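Only one chain comes next, encoded as structure tokens, the form predicted on its own.
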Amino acid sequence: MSEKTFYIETLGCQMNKSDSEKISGILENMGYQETSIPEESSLLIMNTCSIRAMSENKAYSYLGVWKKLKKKNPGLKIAMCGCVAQQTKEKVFAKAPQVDLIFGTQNICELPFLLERLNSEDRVCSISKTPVDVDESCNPNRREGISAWLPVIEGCDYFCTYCVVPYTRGRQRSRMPGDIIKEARQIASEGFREVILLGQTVDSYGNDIDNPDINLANLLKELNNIDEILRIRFVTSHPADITDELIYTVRDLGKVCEYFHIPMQSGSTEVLKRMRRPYTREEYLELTGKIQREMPDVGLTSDFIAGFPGESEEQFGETLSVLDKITFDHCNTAAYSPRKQTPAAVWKDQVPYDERKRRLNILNKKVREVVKKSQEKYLGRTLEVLVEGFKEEDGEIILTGRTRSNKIVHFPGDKDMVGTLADIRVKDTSIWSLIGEIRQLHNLNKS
């Protein structure tokens, strides 16, 4: 085993996955080698998510297992980063004394200095409210594949009453367009065929920059001109920041996929007010209706919370009724989870835990019905698919790809098709994927 090996366990959203790629790049630049086996590592890193209690508990569960590894190997170093680290700070040491290093979401590029401090200090904690300056050592180490994450904005200015993101990721900070375009060209040169623009509220991009020409629509137009990139996506959108210009840009640009992930969170206007979401039920329905009119085959996905404080049975029913009006392609759902620092966590009208779980089960059943309906509308149709990978089943190569609307498609084919576009006819559906056959190949040249 190399003296300098590392293992990263990543929990949470795409932004956390992107952060782990950056951490991996920093460590490899320092001479570390990544391993997929924690027992073979000299440095274990837990990249945490605090959006729900379950995610935080999962992180501490992993740390409990790692404590046993450290007992066998006292020289092992354990680090915690991500949103739980940013929020909990030094308190992590009391709860998990096996942890040697804590660093926040703003301190990733400081990692070489922090590891050096561990040579002379027993424990190190570094949590900043503003990002540490980025340098060349912060280039991400992206995994081999077809799609690459590309963060364009971090943080959030909305301060929803249930959400920890503004406290763990900070206020909204947009990257300059030139830096994004430069990184996108680097991504293309590495052989990736799709870029996925990331942000907690990605459509807010540019709102914090004093230049009206810097916005997501114009950024998409610039990225659309990069020859080697076949597709462009973006997540996650905030309903209040989706403009007509953005809708028309997605509709008109050939490489930008017709896909919007737009968290609604509740179908009740009154609950939305308590959540501090700056739109009404009617405005959300009008927005999604406009998007579907402009792009009939658009993929629409959303997020919903069941059992928010004060939510009545009638208001929960309003959420269910939204699913009768909008045929979503998928919805992320969760029972409300009180989070420290957020206003809603201390409200007196908490919905009992068992009732939250009951409502979540009902919501999930409704979502499955809607998704099934969404899948079935593609039967017999031919769709453009970007081939992402393959596996062998009973001697047959089964390829997996995504449609422009973000539907997963499985179909028989050849390994050489990975990274290319193909027209696939849908023969069958399951609840989470489509089953198809090849009709036409677009391009087998992956250079």
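None of these values were measured; they are calculated from a predicted model. One rule holds for the numbers: they count along the sequence shown, beginning at 1.
Not pictured, yet referred to below: the form predicted together with a small molecule.
**Student:** Quick one: which of 336-344, 187-195, 249-257, 223-231 gets within 4.5 Å of the small molecule in the predicted complex, going by heavy atoms?
**Tutor:** Correct option: 336-344.
**Student:** Identify which of Ser374, Asn215, Ser126, Thr236 has a heavy atom within 4.5 Å of the small molecule in the predicted complex; exactly one of them does.
**Tutor:** Result of the distance check: Thr236.
**Student:** So which of Gln265, Ser268, Thr88, Thr288 reaches within 4.5 angstroms of the small molecule in the predicted complex, heavy atom to heavy atom?
**Tutor:** Exactly one listed residue reaches within 4.5 Å, namely Gln265.
**Student:** Is Ile51 part of the interface with the small molecule in the predicted complex - any heavy atom within 4.5 Å?
**Tutor:** Although the small molecule is absent here, Ile51 would touch it in the predicted complex, with heavy atoms inside 4.5 Å.
**Student:** Taking heavy atoms only, is Gln200 within 4.5 angstroms of the small molecule in the predicted complex?
**Tutor:** It does: once the small molecule is placed as it appears in the predicted complex, Gln200 has a heavy atom within 4.5 Å of it.
**Student:** Mark Phe328 yes when one of its heavy atoms lies within 4.5 Å of a heavy atom of the small molecule in the predicted complex, and no otherwise.
**Tutor:** No, Phe328 sits far enough from the small molecule in the predicted complex that none of its heavy atoms falls within 4.5 Å.
**Student:** Please tell me whether any heavy atom belonging to Trp149 falls inside 4.5 Å of a heavy atom of the small molecule, as the geometry stands in the predicted complex.
**Tutor:** No - in the predicted complex, heavy atoms of Trp149 and the small molecule never come within 4.5 Å of each other.
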